[in-house]
Ligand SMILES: Cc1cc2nc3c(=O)[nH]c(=O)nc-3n(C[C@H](O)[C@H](O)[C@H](O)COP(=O)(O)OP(=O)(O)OC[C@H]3O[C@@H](n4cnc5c(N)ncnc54)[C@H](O)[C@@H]3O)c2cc1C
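Take a look at this one chain, the form predicted on its own, written out in structure tokens.
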């Protein structure tokens, strides 16, 4: 049974902070929410490690927006709905594509330097987009955006940005059930801190660390989703996980992302026999939706007995490629690869979680006072499969909307900060003397391995049943005393792994990022609906 709070604690004994807005997360969604909310009052932004440690910082390809005169929001909407495989909320997608261009231009006003070709924007193309609509800053677009927003948030007097603050649990007011703050672990003090606020915004990012192979940074352990679930929030679409087709596959090297924009510029995929295979799988070949490309790669790897395929750019202009993708070029060279002379070994890796905390188009959850935006949220924009380069745009558009909705909420409630309970009746006692790296590290590693082997790119009912049993057994072994951050991260991964497996087992069809070998067809008659979980 999942407890409401992880630890038993007396809150009155803990140091505390107070603000109108509490924003947790320093990716594009959290920082843009904070930037917008500062117009109303005080904003406290908490981030798990450094402000730069986020998926946003690592985003290469770019941000999609229909700004070219040959493009339109309608075409962008159609491409997004097609990728979402019938489970997008059309109203949410319409908001994304119509408000997106205005928000992107706000980034430009804040100093973000997207690449240009003369007087025009240099627009890239990625899989399942029918137009070139990806604004980019070479192949480090996320870093360019994140640095501009961090700089702006640090400059604003109404915004306080605290690093090294790790979310443990959201705290609700006993009388009304309203979310009134969060319990966090403060690396600065080494202990717990209570943060109280009139509005709490979860912008904690995704859970790519659920899988053994991932493009996500180490901080992406799904803390916001798991904490919201314990607090009583609804989680939706947890079975839909996007695997990026082309992560660098070299022994001893991290799963460095080789951007989809590389295929957008004309790169081919070849198996280890040198055969270009995507032509056999989809009419768009290398630019097919990511789920199709990922499965095709897995099938080619199984057919050839290899643990990778190749990305081939040898037919492209060397100087142009190096100028367009300097980060990828440098990384390849660091590992002794010359993309212009030989192929780049790649394989799929977990990349993006379409599911998360269920929200409406204002970022509101089912818990009063708790909002969510960015990858941690599930507002219906992505459906069963995210269209490439829509994630940064989603964080931007729905971060602004969450801030606006939060401001209206505070105006309606008179800026009241809820009363928090004096005591949390949690499951575990804190025992910081316990070793932090052995038992809990093994729990997290076991979750990742089970998820990769039995709930990954190609799933079966039998494999999912085995995964559920193994994760259940792991949950029974969790002790009642725990050390701190490592224990919470492991419990969070275990919680989300179990939900993902159960959802994948229930959905007896294949759709978008969820593929069942024993149910390979899409079943619109029965499964054109969502799965929602709540304690």
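Positions refer to the first chain, counted from 1. This one's a predicted model, so the numbers in the text were calculated from it and none came from an experiment.
Form predicted in complex with the named molecule: not shown, discussed below.
- For the marked spot (28, 46 and 351), a heavy atom within 4.5 Å of the named molecule in the model of the complex is present in each of the three residues.
- In plain terms, the part of the chain that comes close to the named molecule in the model of the complex, with a heavy atom within 4.5 Å, is 374 to 382 out of 374 to 382, 233 to 241, 94 to 102, 456 to 464.
- Between the named molecule and the residues 167, 248, 87, 293, the one pair within 4.5 Å by heavy atoms in the model of the complex involves 167.
- Note on the partner interface in the model of the complex: the residue among 59, 487, 493, 503 having a heavy atom within 4.5 angstroms of the named molecule is 59.
- Although the partner is absent here, residue 55 is a contact residue: one of its heavy atoms lies within 4.5 angstroms of the named molecule in the model of the complex.
- For residue 359, no non-hydrogen atom is located within 4.5 Å of the named molecule in the model of the complex, even though that partner is not displayed.
- A residue is said to contact a partner when one of its heavy atoms sits within 4.5 Å of a partner heavy atom; residue 386 meets this definition for the named molecule in the model of the complex.
- The closest heavy atom approach of residue 179 to the named molecule in the model of the complex falls outside 4.5 Å.
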